[in-house]
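Coming up is one lone chain in structure tokens, specifically the form predicted on its own.
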């Protein structure tokens, strides 16, 4: 084996690049191995039609200032095309409600008052939880002083909420999003838009009891701008800057270098073998892949005990979201909207979302589909030719295991999606120059994500904090010495945030 590095990182997605940059900055020799021809993973900006570019991930609500500052990403080319996109809850006939960082526009006085109360409470909860997204999760029972201190700080943060708000947070943690929204608001489109962030990306809907509040607080964790940021050049503008920062600190990044397996000697990970047969040695191997890929395809179940493999095998990793990219010859006209410059939520009420979820539970999909829509080219002219535009949409629910397979359903699903868009933007079909539909099966095939799940597994209470991805691997270390995780399947989870990568880097550095 060659031995060019102290640490090998498998996968050049954003968490892998963050981990590499922090480790290299601390003086470690780092080698990043990426199977694709470029870095960025689901965050990479790609040309999906001649002259039109988009990424699977399209906004940065969870990105924090500290990471941008630590890695000096501005110097490496990162900038924003928009720092505070509003969210617009669309109504098919007009009368839309705009949600900003400060309040509501177009809502009833009762909803505006309720939103101020709701937002104040949610921000208070978010401040209590925020520090723990950026810390190694504690280990119960067998943890040391650091883990005890983390648990103590968590308890103290909750206690300082005050008795009333602490009880309210405990009550709300497992509350379905539908119940939460019904308690506060009266407008159906507003409730649907606010419930969207509690369930997007997961096999959950407004009626699902589990983690609505935790998911909403996670969504609120970014403090880059205080709004909904949009990266210039798409999210690939961020991942390219991360790669440049890692390289500037000395990390080596090799693309087109698929890892076939992790080499284990005497129970310890000591290197990797590439698909072409090349063997590379390093004392620490870090996987940015999802947990099932990491443990079963790369490491091999034979190196793990049966209880651990059973827990990993039971992780829920079938994606539910399709990504739609449209190349448009001009700006579409949304009914009642002067300009579609924000994040558009296409769901008239929560039952509409629930109906789509019900169809997907049984391997089908709804005729009318809820979706989140952006036209990023309104803010960034590098994404489309002059006078033309890119539409980027997240469409729920698209089951990974659709009955009959996606080859049989792709055209029908796309037709349903376009019909749903037409309801809000009449005539949009006539503006389509080209389209790209990425189902969960496509995301798995093109990006190597098991089940096409962009969170690398459900973001739910049973798979959160000290249980992510499961106990025995929740602190970025795995049961095999020398092998670590840094991807979205580890704490805190998915989204373009970088916390899993930075937390993993600190955990590795603390061992030396």
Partner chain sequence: MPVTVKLQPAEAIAHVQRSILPTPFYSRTSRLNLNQQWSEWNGFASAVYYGDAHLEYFSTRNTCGVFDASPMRKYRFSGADAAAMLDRMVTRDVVAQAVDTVAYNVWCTDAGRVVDDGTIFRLGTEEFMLCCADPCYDWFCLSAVGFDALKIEEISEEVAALALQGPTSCALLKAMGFAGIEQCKPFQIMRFPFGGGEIMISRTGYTGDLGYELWLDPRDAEQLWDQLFSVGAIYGIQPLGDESLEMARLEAGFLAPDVDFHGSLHTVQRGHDHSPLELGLGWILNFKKPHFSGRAALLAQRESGNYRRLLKLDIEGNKPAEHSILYADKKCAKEIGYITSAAWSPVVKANIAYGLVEAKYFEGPIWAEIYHQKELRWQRKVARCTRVTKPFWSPERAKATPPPDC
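In this text, all values refer to a predicted model and were calculated from it rather than measured experimentally. Numbering follows the first chain given and starts at 1.
The protein also exists as the form predicted in complex with the partner chain; that form is not presented, and the subsequent description refers to it.
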Review point. Quick one: of 408, 145, 306, 386, which gets a non-hydrogen atom within 4.5 angstroms of the partner chain in the predicted complex?
Key: 306
Study note, to complete from the structure: Answer key: of 121, 110, 149, 301, within 4.5 Å of the partner chain in the predicted complex (heavy atoms) is 301
Check your understanding: Heavy atoms within 4.5 Å of the partner chain in the predicted complex: does residue 276 have any?
Key -> no
Practice item. State yes or no: in the predicted complex, is some non-hydrogen atom of residue 266 no more than 4.5 angstroms from a non-hydrogen atom of the partner chain? Key: yes
Practice item. Decide whether residue 310 counts as a contact residue for the partner chain in the predicted complex under a heavy atom distance cut-off of 4.5 Å. Key: yes
Practice item. Have a look at 82 to 90, 242 to 250, 293 to 301, 355 to 363 and name the one stretch with heavy atoms inside 4.5 Å of the partner chain in the predicted complex. Key: 293 to 301
